[in-house]
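We begin with a single chain expressed as structure tokens, specifically the form predicted alone.
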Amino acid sequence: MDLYSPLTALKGVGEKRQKLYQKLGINTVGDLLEHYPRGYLDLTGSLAIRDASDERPSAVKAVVTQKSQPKLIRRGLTVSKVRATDMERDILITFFNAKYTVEALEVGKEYIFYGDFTKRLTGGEMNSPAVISPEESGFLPQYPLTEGLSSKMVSVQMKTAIENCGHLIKETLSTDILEEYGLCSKEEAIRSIHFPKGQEDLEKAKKRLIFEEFLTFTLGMSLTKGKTRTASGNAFSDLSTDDFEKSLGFELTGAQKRVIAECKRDMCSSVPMSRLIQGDVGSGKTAVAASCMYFAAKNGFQSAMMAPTEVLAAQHKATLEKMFAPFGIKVGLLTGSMKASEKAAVKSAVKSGEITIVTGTHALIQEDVEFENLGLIITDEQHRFGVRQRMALGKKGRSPHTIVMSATPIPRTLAFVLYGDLDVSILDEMPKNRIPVKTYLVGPELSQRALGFVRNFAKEGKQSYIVCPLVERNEDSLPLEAAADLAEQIAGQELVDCNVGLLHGRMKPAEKERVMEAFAENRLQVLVSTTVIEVGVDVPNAVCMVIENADRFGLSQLHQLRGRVGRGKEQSYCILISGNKNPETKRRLEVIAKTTDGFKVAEEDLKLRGPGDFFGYRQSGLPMLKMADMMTDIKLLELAKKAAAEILEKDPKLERKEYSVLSANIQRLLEETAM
């Protein structure tokens, strides 16, 4: 048996159990060893019944004195009662549908029971606790599971794997790194993370594994950055863009002027620009991007702007066309749903240079799209693209300059992990005429009042959105029926005097365009929509947004949705409707109600949900951090960045033998995260 052996090589793993492990992404013995516990049952303290905490998970050691026969309470539910004592106090334990667990308990034998404990005068009570053998003291690992697997099963197989293959675990880090940063070996870390002998052991293992995760990703991003930075770019001449900026009809903020200057400085360098422009909703990223495209055009280069949806790509095209019309700069659009003849015409005009600026979706990176002289590429809402897609567009020119735009405010620690290959510019100033959106959190009982609010706005000639969420975040299908039913209901009842439209993700692009065009032109007063309007729809006349079941969204997603209103000169409103009584959920939603600062919202969202779910779904390009937490492990992140810099200074391409395993791990990470 070795690290590459299938799991069936382990005792107790047949084909059926192997399939359960595969659901967790575990295919080999080596994969199993890297399936780290999500927590531990701490059995190191007192296990006396009198010391157990009321209404909290506790472990108590007691001897079984009595057990009852299971009783059928109702169809599909049996209850068994077990009494136990630690010779000082007693405990009553209730098991539900646990026939075999109760049968296995022996009267007169001592066990450890772990679960929620409720204090009583003579002792306490527990419902369906875990039953643990007294020999299993210390820290018991609790693993991420799938139905059919238990932490006990995983633990048994983990012990076998470590006994047989622990000595085969390859050291990833060089001796000097281990010594300089006070890290234990990889083998010791793996053994201790699964079966720590004490708190000190556990902390040493965590430090080592977290450091390695951060180091691997930091090096990966640095090497990716190196590939783009060493290529010879197109050094632009430092020409003025004042005429374009004066033509916009509004004064740029200080932050916009600063970021434009940063971009122009980069584009005048022979090293290709790779810059992230990050700003809150309404901070003016489009104007910055347009100024940079104008700068490229004055230097004789074309620009391409890739957006995640056809609706957004078409909107960018319309916006840029108006901006560049006075300067005779032609703007084109290329999307997958266009007719073949339309695509062919646009591709021909892009190849000949007749079209100077082209906006589009993934259609821009198709092999048959050629540019005459591509000098600048811009990707909008970067978290929706893998880095590899961005690089594919970059190959259309001779090392063009790159701008990435994100309207999702990202905490700096997460920005580093997501965009480690980019320089970062932040638009941290809102236009002077921007009025903050007023946000209210209400219960379902006020839904009718919210619709009355919408109706009153419609009478004044103003527009509103009503947003329906996904039923479950991981569900494949959108709640078309819910959105369609709601649209039909309110159009026939509460909002009978309004023109109500419906927009959802399964509509054909042409249908979406028609609906959005009707809404933009105020032929629809109310738009019932799924989250397809999360990005890109710009309707200044929309002043109200009602979000149904707001608790089913992430905070950052709610903030993005809210950003669809408040884009004009009128006071705008966002009404969050939620019937969820969970105190934590209520506290989370109150964050949105209390602040319009997207960066504060993002910090809170990352704390509450973790990076994997940060955008409401698992995005491409985000590393699978098994151990590291970017909010609590910032010091280790900084140490890993320092170590990465030291390694690359000695060996810029990681070609030394001592870095061979680390280099292989980095390559695997880059492939997994589509970098």
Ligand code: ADP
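Numbering starts at 1 and runs along the sequence shown. This is a predicted model, so every value here is computed, not measured.
Note that the form predicted together with adenosine-5'-diphosphate (ADP) isn't included here; everything after this is about it.
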item	value
Position in contact with adenosine-5'-diphosphate (ADP) when the complex is considered in the predicted complex, options R434, K204, K351, K81, heavy atoms within 4.5 Å	R434
Selected contact from E517, E251, D485, E590, since only one has a non-hydrogen atom within 4.5 angstroms of adenosine-5'-diphosphate (ADP) in the predicted complex	E251
Stretch in contact, per heavy atom within 4.5 angstroms of adenosine-5'-diphosphate (ADP) in the predicted complex, of 353-361, 499-507, 267-275, 253-261	253-261
adenosine-5'-diphosphate (ADP) contact in the predicted complex: L422, any heavy atom under 4.5 Å	no
Contact label in the predicted complex: D538 to adenosine-5'-diphosphate (ADP), heavy atom within 4.5 Å	yes
is_contact(T286, adenosine-5'-diphosphate (ADP)) in the predicted complex, heavy atom dist at most 4.5 Å	yes
4.5 Å heavy atom contact, G282 and adenosine-5'-diphosphate (ADP) in the predicted complex	yes
